[in-house]
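Coming up is one lone chain in structure tokens, specifically the form predicted alone.
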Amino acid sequence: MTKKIAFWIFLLGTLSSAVLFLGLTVDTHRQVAALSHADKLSENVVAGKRAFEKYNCNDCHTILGFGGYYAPDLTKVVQRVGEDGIRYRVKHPELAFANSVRKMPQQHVSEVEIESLVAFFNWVGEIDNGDWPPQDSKKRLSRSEQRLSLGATVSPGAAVFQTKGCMNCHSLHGVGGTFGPVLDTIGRTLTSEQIEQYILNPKSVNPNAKMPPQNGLSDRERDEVAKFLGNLK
């Protein structure tokens, strides 16, 4: 290969890459309003963004790919813990994370600011950002689903409980979260059928429940984890 050919390959490659990059950039900017649902950008959402910045939430949390990695990603936090879960964690972090290694400071956030934060997180969670973050993707084949499909020897219900986020809020035998009730003997209180209904629609069983509906579980996953918990007596 001569220097002249190498030069033209470099030049054409650089120019075509630049044109492609600029084209994609223009196309992205053209779609920003639709992808971000700008029509839903209310004053309450803007107030929530300001509260998010006021309390430096980004120092510990990541949102839309930006921020710290000390605490959980908040891009899909409403989908993961529900609106009541957010309110409780912000209002009473000393209780929500009492037994957690990672702590959240008491910021004394006002009720109005908390509702604005919930609105902001709802808006962020609806942004079409290419299904990010991957750990909250509804299309993701979880470890529990892999184990179910492979027929592994581990209890299918236990696999779902361990890998689908249940332990972020609930604990078994001293291991897990502290936000939700300890489930060591839940089978004494609720049947498997009642537990399955609770998972599907918590407020239909307990009107005061802070747990969000677990719509991310498949029918089989919900059935298996309900059977697993129903046997804990």
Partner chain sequence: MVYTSQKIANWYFSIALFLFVLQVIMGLWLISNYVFTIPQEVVNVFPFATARAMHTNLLVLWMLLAFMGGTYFIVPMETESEIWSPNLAWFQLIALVVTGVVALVGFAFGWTKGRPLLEIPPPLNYMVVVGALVFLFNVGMTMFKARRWTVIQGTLLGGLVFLALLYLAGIPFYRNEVIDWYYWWWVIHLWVEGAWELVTGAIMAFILMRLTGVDRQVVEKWLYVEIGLFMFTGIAGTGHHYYWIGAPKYWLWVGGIFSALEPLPILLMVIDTMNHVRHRHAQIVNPHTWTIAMGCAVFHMIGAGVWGFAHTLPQVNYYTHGSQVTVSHGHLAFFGAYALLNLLVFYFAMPQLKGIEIYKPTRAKLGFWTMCSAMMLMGLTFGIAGVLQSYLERVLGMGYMTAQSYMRLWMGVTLVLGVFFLGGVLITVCDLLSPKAATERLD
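Model, not experiment: these values are computed from the prediction. Residue numbers count along the first chain shown, from 1.
Not on display, but discussed next: the form predicted together with the partner chain.
Chemist: So in the predicted bound form, does K54 come within 4.5 Å of the partner chain, heavy atom to heavy atom?
Modeler: Yes, K54 sits close enough to the partner chain in the predicted bound form that at least one of its heavy atoms falls within 4.5 Å.
Chemist: Answer yes if any heavy atom of S192 is within 4.5 Å of a heavy atom of the partner chain in the predicted bound form; otherwise answer no.
Modeler: Flag for S192 set to no.
Chemist: Could you confirm whether G13 comes within 4.5 Å of the partner chain in the predicted bound form, counting heavy atoms only?
Modeler: Close contact exists here: in the predicted bound form, G13 approaches the partner chain to within 4.5 Å, heavy atoms only.
Chemist: Residue-level question: is P181 within 4.5 Å of the partner chain in the predicted bound form, judged on heavy atoms?
Modeler: Although the partner chain is absent here, P181 would stay clear of it in the predicted bound form, with no heavy atoms inside 4.5 Å.
Chemist: Has each of P72, V101 and G174 got a heavy atom lying within 4.5 angstroms of the partner chain in the predicted bound form?
Modeler: Yes, each of P72, V101 and G174 comes within 4.5 Å of the partner chain in the predicted bound form.
Chemist: Report the direction of the Cα distance change between M167 and P72 in the predicted bound form, compared with the displayed form, as closer or farther; the change is 3 Å or more.
Modeler: Residues separate in the predicted bound form, at least 3 Å farther apart.
Chemist: Say whether the C-alpha atoms of M167 and D59 sit closer together or farther apart in the predicted bound form than in the form shown here, given that their separation changes by 3 Å or more.
Modeler: Farther apart in the predicted bound form, by 3 Å or more.
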